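Given next, in C-alpha cells, is a single chain: the form predicted alone.
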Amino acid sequence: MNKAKRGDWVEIEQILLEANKRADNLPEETKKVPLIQWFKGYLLNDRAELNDEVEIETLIGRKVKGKLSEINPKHVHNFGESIKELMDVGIELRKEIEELN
C-alpha cells in the first residue's frame, strides 16, 4: 500500500540533525547518519503517497509535519538476538541452586 487518505494511521519521519551537524564526540558509525525522529498519527492531508511531506495528528492531539514513511505501521518489539553465553549461565545457575537444596 503506497497511498493513504485522510484519517489513515500512518508514520512520518523528521530529520532533527543532518549527519554533518552531529556532535564530534559520537562514535563514527553514529556520526555518519542523520538523527531521525518518527511519529505515528492520523493523516490530516486529503491524500498522500510514501515520501510526501504530510501533516498528522498524534493520539495526544499534537500536530506534526514530516515525510510519510509508512502506512498502517505495525508495533514491532524486539530484544535482539539470543546471547548463548547468557542462556548457558542461566542453565548452570539453576543446576547450582538445585545442588544447594
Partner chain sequence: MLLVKDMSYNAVMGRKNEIMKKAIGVDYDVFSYGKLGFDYEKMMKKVGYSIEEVEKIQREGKVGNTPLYELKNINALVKKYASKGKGARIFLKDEAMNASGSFKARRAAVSVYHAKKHGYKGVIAATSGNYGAAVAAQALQRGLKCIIVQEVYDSRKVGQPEILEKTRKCEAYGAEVIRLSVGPELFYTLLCLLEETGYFNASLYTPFAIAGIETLGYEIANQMKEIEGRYPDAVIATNAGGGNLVGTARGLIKAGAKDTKIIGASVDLSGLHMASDIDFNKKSFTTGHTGFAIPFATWPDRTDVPRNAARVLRYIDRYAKVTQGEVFYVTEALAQLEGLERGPAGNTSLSAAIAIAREMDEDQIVVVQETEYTGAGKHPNPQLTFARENGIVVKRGKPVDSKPGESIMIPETFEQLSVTDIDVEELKFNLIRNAIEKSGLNSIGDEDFSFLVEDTNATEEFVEKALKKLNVVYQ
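Every value quoted in this text rests on a predicted model; they were computed, and no experiment measured them. Residue numbers count along the first chain shown, from 1. Each form is matched to the other, and the largest set of C-alpha atoms that superpose within 1.5 Å is called the rigid core.
The form predicted together with its partner chain exists for this protein as well; it is not shown, and the discussion that follows is about that form.
When its partner chain is considered in the model of the complex, Thr30 lines it closely, a heavy atom lying within 4.5 Å. Not displayed here, its partner chain is kept clear of Asn72 by more than 4.5 Å at the level of heavy atoms in the model of the complex.
Although the partner is absent here, Asn51 is not a contact residue: none of its heavy atoms lies within 4.5 angstroms of its partner chain in the model of the complex. Contact check for Asn20: every heavy atom lies farther than 4.5 Å from its partner chain in the model of the complex. Contact annotation for 21-47: residues with any non-hydrogen atom within 4.5 angstroms of its partner chain in the model of the complex are Lys21, Arg22, Ala23, Leu26, Pro27, Glu29, Thr30, Val33, Pro34, Leu35, Ile36, Gln37, Trp38, Phe39, Lys40, listed in sequence order.
If you fit the rigid core between this form and the one not shown, you'll see the Cα of Asp88 move by 2 angstroms or more.
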